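Encoded as structure tokens, the following chain is the form predicted on its own, with no partner shown.
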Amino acid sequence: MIDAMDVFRAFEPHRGKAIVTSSGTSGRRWQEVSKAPSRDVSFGSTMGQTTSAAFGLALGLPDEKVVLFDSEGALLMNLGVLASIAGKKPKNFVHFLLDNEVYATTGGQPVPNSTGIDYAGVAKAVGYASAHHFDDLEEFATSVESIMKEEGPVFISIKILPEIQNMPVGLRTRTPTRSRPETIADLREELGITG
């Protein structure tokens, strides 16, 4: 398994001008690595819906590369979206899945069939243009540049170390983030979208 921060550090130099969004406990760490926050979109606490929202961005902005760092717990809540993505074939969509095998935000309970699902295999079977799986940082780091050049939709599952949250939600230290309206306003300004 790989530390999520190492995944983000390996990815960031190959981001280019991609719009990036992330979900899950580990996904929150992306903002610590991102060098283009005006191209980062936060959907906040939208577990189960982030995949659909990022897919919508890819469809609505076909000239922009859209990258999602998804979590397996969230994806399992809306697994049918994979077929919708594959059916629409957004060439600009790169879908990373950070798979830590648990619901880290709620204490580390294992997700259903946590060690038995081949997410990359599922994505390929429903029609993604390509699918990859990594559990070794060096292999991922040497592959990410070519993956980012592939025509989408591209799916990449990565086994990561869980960052389990056990404190009650109200007692947790909150990482400052921009609100959903702020991130959308920043992205609109970055892309020159008015009205």
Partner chain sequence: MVEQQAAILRPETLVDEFKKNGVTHVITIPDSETNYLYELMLEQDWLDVVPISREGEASATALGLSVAGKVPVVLIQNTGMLESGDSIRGMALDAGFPLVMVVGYRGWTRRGLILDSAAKYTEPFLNAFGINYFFVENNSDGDRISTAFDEARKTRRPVVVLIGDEYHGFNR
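All values reported here derive from a predicted model rather than from experimental measurement. Residue numbers count along the first chain shown, from 1.
The same protein also has a form predicted in complex with its partner chain, omitted here; what follows describes it.
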_Please determine whether Asn78 contacts its partner chain in the predicted bound form, using a 4.5 Å cut-off between heavy atoms._
yes
*Phe43 near its partner chain in the predicted bound form, any heavy atom under 4.5 Å?*
yes
_4.5 angstroms heavy atom contact with its partner chain in the predicted bound form for Ala18_ = no
*Partner proximity in the predicted bound form: Ala83 to its partner chain, non-hydrogen atom cutoff 4.5 Å*: yes
*Are Met47, Thr50 and Gly56 jointly within 4.5 Å of its partner chain in the predicted bound form, each by at least one heavy atom?*
yes
*Which single stretch, out of 60 to 68, 127 to 135, 152 to 160, 29 to 37, brings residue heavy atoms within 4.5 Å of its partner chain in the predicted bound form?*
60 to 68
